[in-house]
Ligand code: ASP
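Encoded as structure tokens, the following chain is the form predicted on its own, with no partner shown.
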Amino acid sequence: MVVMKFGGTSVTDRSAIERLIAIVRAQRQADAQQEGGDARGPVVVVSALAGVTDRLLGIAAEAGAGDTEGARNNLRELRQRHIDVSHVVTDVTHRAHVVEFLNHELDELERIVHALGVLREVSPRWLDALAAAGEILSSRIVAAALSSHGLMAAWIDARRAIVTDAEHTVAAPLLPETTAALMRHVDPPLAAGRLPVIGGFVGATTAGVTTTLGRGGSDYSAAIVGSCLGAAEIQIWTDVDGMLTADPRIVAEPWVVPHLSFAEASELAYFGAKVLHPSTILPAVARNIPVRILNSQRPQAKGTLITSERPASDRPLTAIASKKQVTVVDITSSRMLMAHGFLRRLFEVFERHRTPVDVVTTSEVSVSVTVDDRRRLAAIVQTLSEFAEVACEDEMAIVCAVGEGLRRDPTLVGEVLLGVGDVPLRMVSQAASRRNVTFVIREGSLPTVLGRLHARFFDEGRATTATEARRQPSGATATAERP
């Protein structure tokens, strides 16, 4: 049985959902023809229509600021968009039921918006109630669309199937409870030959209060469902051909990486590869379930396969991830740095304010860390200032070169840094696994650095060996054909 997750661009409009239906039909047929395979499923997990979650968060902000009229206008536009998309449901009776459901849910959102406009405050709990609506609405439309096109589906309310803690906006799944809930709500339609359709990103506490798993959490939902149900494969359908060797918005022609290890994918996702949510593969790793990234606009493309191990490659690096809008926080204390418990006290501050750090470096008298979540940064700086001097530097970027070659060849780290050329490095770090080397630069230098590194390690012909690649001067671009 396969879990198929479709992102926002894969359900953005009627045409996208029609492509989704064709993809699911092909998977269903392939599973049925596979001798000795699991004829159940697939299970379909969907995101909100593209842009809807951001719109809902904007509505929450408007309501919290007292602009209820602006919030209502945006809700009316969302209502009409979803009703327009619901015409993908070709059966008139089914579509009438879907429209009734859409109106009921959006009426409830209007009541919430009115209440928030009076309170002038949006708590994390109410933020979740609004943000979750996108996946609830889209999954209902997709389930009905599949059924009306001859693929009998069953809509599963994610608020009944994914059980989480009460940490609103970043809830964590309670796996034993979630497994039991999925068995209760998803197993029966699977056994009856129906296709369960569930909204990603959304869950609920044991008391039934709506929660969300954090931005990008639809991927995580798919992995949770796959892990709890023992799926053979988890597919992430998006709008690119797979995991790329660099950010295509910065590097003109990155390559698709055909095969990644779980460890490599984790590093790339965490340090900015947008195609995959950082938490996605954790449940998959626990159950050793392959994850495949595919393009819903080009389903014939082979995509990227992620498994526990991958075949050996002639490339020293697998890919280069990057993350913008990073802040470097320098903490200095000549009196306390070497004192017992100083680092513990320092990192407890970030833990208390629920702000993760990405890169950490230390010197004789200072510790530098990077954060990409500035929401609680002022409070963090205030607390740190009680026992150290603190300085912040904004508009920084993280570059992370990832590959098993870094473990095999200790000189490769130096060659990566050499490839950066004359761009100043603010911080440099290598993880204990030695699968990556990470450094921090000014955000404005990111296009230059990514271009140089990509040209050095990926833009030569396939016949070029790793050693020859490292002989290229910084910024060199070879003329070999792309595969």
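Numbers for residues come from their place in the sequence shown, where the first is 1. Everything quoted here is computed from the prediction, not taken from an experiment.
What comes next is about the form predicted together with aspartic acid, which is not displayed.
> Exactly one of Pro189, Gly216, Pro316, Pro290 has a non-hydrogen atom within 4.5 Å of aspartic acid in the model of the complex; which residue is it?
Result of the distance check: Gly216.
> Can you tell me which of 60-68, 45-53, 445-453, 418-426 lies within 4.5 Å of aspartic acid in the model of the complex, counting heavy atoms only?
The contacting stretch here is 45-53.
> Going by aspartic acid in the model of the complex, which residues of 173-206 come within 4.5 Å of it through any heavy atom?
Stretch hits: a single one, Phe201.
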